[in-house]
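Only one chain is given next, in structure tokens, and it is the form predicted alone.
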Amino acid sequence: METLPGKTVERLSQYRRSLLSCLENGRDYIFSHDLANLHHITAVQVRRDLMLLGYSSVYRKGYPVRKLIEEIGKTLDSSEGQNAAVVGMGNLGTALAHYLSGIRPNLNVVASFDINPAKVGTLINGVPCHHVTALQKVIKEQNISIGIMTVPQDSAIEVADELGKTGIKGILNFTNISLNVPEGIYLEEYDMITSLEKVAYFVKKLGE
């Protein structure tokens, strides 16, 4: 399969979470319009996305939930599994390490990094914490392909540069600093301040 657009990948990930919830609630089939309503999009968009998984027609009972979960996994997940590391174990990094623990069997947070002597050498939510000077060594030894950055903004560029030297393939940036990374690294930037200000703006408009 050719590389999917980023927005399509986002929707497939969101569908999977909803489908897992449906399965937990004993639901075996779901219609495209039901899935669309859960995500505030059109049923046409859902059907287009599911066509990428080989579902070209709508079933009388709806789509089989368990099979959809399996097919999305085949599309999104690596069969060999992927390891990630969190760089910066402050409140956000610690929370992410805890939240992401075991969330996907093929995607694991296996290491973390910090400069705080009280954290280095300890387990934080079950994840070993190393000093940032060990980035290259640990990332190579643990076959880590994804770096999750939750460092202070004045360290962001330096940490991104160091990650770029490790051979890592993807960076998820939670800092509010826009980064430039070498070719061959996929960068995803999540700016929480912008997201909060966006919500605040529309809340303001609703009150006008």
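Predicted model, so just to flag it, every value in this text is computed and none were measured. Residue positions are given as counts along the sequence shown, with the first one as 1.
Note that the form predicted together with another copy of the chain isn't included here; everything after this is about it.
Between another copy of the chain and the residues Ile148, Ile30, Ala160, Leu68, the one pair within 4.5 Å by heavy atoms in the predicted complex involves Ile148. With the partner omitted here, the residue from Ser155, Asn176, Gln142, Thr42 that has a non-hydrogen atom within 4.5 angstroms of another copy of the chain in the predicted complex is Asn176. The closest non-hydrogen atom of Ile171 lies within 4.5 Å of another copy of the chain in the predicted complex.
For Lys137, no non-hydrogen atom is located within 4.5 Å of another copy of the chain in the predicted complex, even though that partner is not displayed.
By the criterion of a heavy atom within 4.5 Å, Leu96 is counted among the residues contacting another copy of the chain in the predicted complex. Among heavy atoms of Thr133, none comes within 4.5 Å of another copy of the chain in the predicted complex.
Residues of 89 to 109 that come within 4.5 Å of another copy of the chain in the predicted complex, judged by any heavy atom, are Asn91, Leu92, Ala95, Leu96, His98, Tyr99, Leu100, Ile103, Arg104, Leu107 in sequence order.
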